[in-house]
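Just one chain is shown here, as structure tokens, and it is the form predicted on its own.
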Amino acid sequence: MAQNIVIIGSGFAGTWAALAAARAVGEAAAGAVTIRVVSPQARLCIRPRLYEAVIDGMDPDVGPLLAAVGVEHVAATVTAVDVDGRSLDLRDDAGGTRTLAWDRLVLAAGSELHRPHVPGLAEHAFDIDQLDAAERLARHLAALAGRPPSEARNAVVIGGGGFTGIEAAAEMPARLRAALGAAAAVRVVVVEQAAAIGPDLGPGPRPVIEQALAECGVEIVAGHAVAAIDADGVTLDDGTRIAAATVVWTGGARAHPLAAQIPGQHDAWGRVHADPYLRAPAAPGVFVTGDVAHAASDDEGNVALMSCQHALSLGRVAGYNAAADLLGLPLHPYRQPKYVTCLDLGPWGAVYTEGWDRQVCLQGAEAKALKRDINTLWIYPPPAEREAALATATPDHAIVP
């Protein structure tokens, strides 16, 4: 009787978990193991690029890749995880429901944009969390030229000055001018409630970020939060009013709600605490990976971030270990001690840092070239060729420079 490995999610972590699981099954020459990936579509959203103006093709089809390595795709949404009964409740696009059994489960469901209770956020704000949301923002920006000229029409407020907010802001003046005309007097404002822009990035790259945003024409309002949003702008927590017909919310991420169904300790972002092999300690047979995993990346106290960089490696380790655990192979501990950042800063360039203290190594055009390679080459799934794909699915494979 076949044993079943089920992976929830076909994002970065889920796709690479599937490839790594297939590699482990091949190494063990185990023919009676079925690997399934469950997601609404067999597509991988290139989420780190959704701040860009051109977003065509940002959801490559991974169906042929999965098929090439012997992985089945199940087109459905997981609505519930039964850890004790080792089954999942599924719902398809037509509303049909069924259950799916598993012997080993890899939760790679990703994360969702954090939407706090800010009046008007749901009704009036845009975001770039998923492809459909980024497409909605693009349509809105293109339609602005049809509105009567006004201060609000020509302005965009970015709510949140973290990684995504900075990248979105740096691109936005050019996007507005493309929509309204090169001579338009546009205004882009980033509102960050922390005392300085990029609070999670630390002081290392901050002078570069501040210089780049200033040269791109982006204003920074730090130390204040967005208190309310309406159709014509935002009100800050000190009562300041900023007129803007476009508000883009980038206020952080939280683990997918399915993570809450996995027993055990969870962190402040809803991620499941994992052991060194990415097992959920209180849920036998369950492995967690990507944005739903709170996992130590080294022995210095650093924890993997909700990032593509970490998801790629986390996925490989969790998928390989799920199969290895099922087949009696040695498990591979997750370790990713090298940490880098490459932040796109629009027409100005980019900034590349190394280490958890984020020491600036490259900036401007040189860093932009590296960012372009990362965004267009390194993070994309491999071609649908079995041997080549499995060759890159080792649990210790790294893509960082």
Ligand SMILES: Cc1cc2nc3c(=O)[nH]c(=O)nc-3n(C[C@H](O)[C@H](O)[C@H](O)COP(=O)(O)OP(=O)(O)OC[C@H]3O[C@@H](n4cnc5c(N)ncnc54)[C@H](O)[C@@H]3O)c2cc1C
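Numbers follow the displayed sequence, beginning with 1. From a predicted model like this one, the values you see are computed outputs, not experimental measurements.
Quick note: we don't show the form predicted together with the ligand, though the next part is all about it.
- Partner contacts here mean any heavy atom within 4.5 Å of the ligand in the predicted bound form, and among 152 to 160, 103 to 111, 237 to 245, 271 to 279 they occur only in 103 to 111.
- For the candidate set 63, 355, 40, 70, a heavy atom within 4.5 Å of the ligand in the predicted bound form is found for exactly one residue, namely 40.
- Checking 175, 294, 256, 124 for any heavy atom within 4.5 Å of the ligand in the predicted bound form turns up a single hit: 256.
- A residue is said to contact a partner when one of its heavy atoms sits within 4.5 Å of a partner heavy atom; residue 349 fails this definition for the ligand in the predicted bound form, lying far away.
- Proximity of residue 192 to the ligand in the predicted bound form falls outside the 4.5 Å heavy atom cutoff.
- Within this chain, residue 128 lines the site of the ligand in the predicted bound form, having a heavy atom no more than 4.5 Å away.
- Although the partner is absent here, residue 302 lies well away from the ligand in the predicted bound form, with no heavy atom inside 4.5 Å.
- Interface residues of 69 to 84, taken as those with a heavy atom within 4.5 Å of the ligand in the predicted bound form (partner not displayed): 76, 77, 78, in sequence order.
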